[in-house]
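What follows is one chain in structure tokens, specifically the form predicted alone.
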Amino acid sequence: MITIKNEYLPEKMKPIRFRMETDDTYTIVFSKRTMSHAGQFYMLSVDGVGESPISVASGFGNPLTFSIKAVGSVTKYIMDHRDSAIGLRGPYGNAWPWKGADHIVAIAGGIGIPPIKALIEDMESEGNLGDLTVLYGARSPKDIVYKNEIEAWKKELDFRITVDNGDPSWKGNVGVVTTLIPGVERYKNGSAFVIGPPIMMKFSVQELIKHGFSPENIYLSLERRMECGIGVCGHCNIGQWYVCESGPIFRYSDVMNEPEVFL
């Protein structure tokens, strides 16, 4: 007998932990272990509400974790109904290609930081944190996600953070995340991973190229374009690709001529 797996049928489970990161961003952790690699995503659903693609925030083999900004009906429902069962299907997509690179410069803006958390955990599991530099930009100190983890990461890897607008309590860098890029020019022969709002990604790529990084060694996550997760609905189309099928990670040189890449 041939058994056909229904790709649309989610596995339902309740989070075992819930933590607010900011006023509108939260982290949920499941007992299920992550069978995904950094950069991949799951489809999270709530019966009668809908479904959303969410990037994984935990490294391979760790408890499955997502950090989510409540901006739509599904993500707001999960935040407001913390004991509800959530549908999970995945993992989908490709992963950050960090193995074999001389050095990785990972640049995250806003809620782009969860897939970089997964990257940190994947590289840590193989003893490669010395080959990673993270540049993280948030709008303000109160918008910083993973405040507790960041203090630990600063002791383990080259982790740099800035905020667009500081407050009296903030003693760190102030300015957009691209202002940190000149400080990593010595890694120009390595690879750069970029994830965040489109405008932040656009100017990060321009700054990376200005400081000697090759378009062939710059990778973008186009996760914001994901829709059904398996390339059936066609809403993730960009040029010749379906982001759900071929992405969400793309080499910049492959998509640099697509007019929608930073839209």
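Since the structure is predicted, the reported quantities are computational estimates derived from the model, not experimental observations. One rule holds for the numbers: they count along the sequence shown, beginning at 1.
Just so you know, the form predicted together with a small molecule exists too; it's not on screen, but the next bit is about it.
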| query | finding |
| --- | --- |
| Within 4.5 Å of the small molecule in the predicted bound form, all of 74, 225 and 248 (non-hydrogen atom) | yes |
| Any non-hydrogen atom of residue 52 within 4.5 angstroms of the small molecule in the predicted bound form | yes |
| Contact of residue 67 with the small molecule in the predicted bound form (heavy atom, 4.5 Å) | yes |
| Partner proximity in the predicted bound form: residue 119 to the small molecule, non-hydrogen atom cutoff 4.5 Å | no |
| In the predicted bound form, residue 114 touching the small molecule (heavy atom, 4.5 Å) | yes |
| Direction of C-alpha distance change in the predicted bound form, residue 249 to residue 225 (at least 3 Å) | farther |
| Cα-Cα shift for residue 225 and residue 50, closer or farther in the predicted bound form, minimum 3 Å | closer |
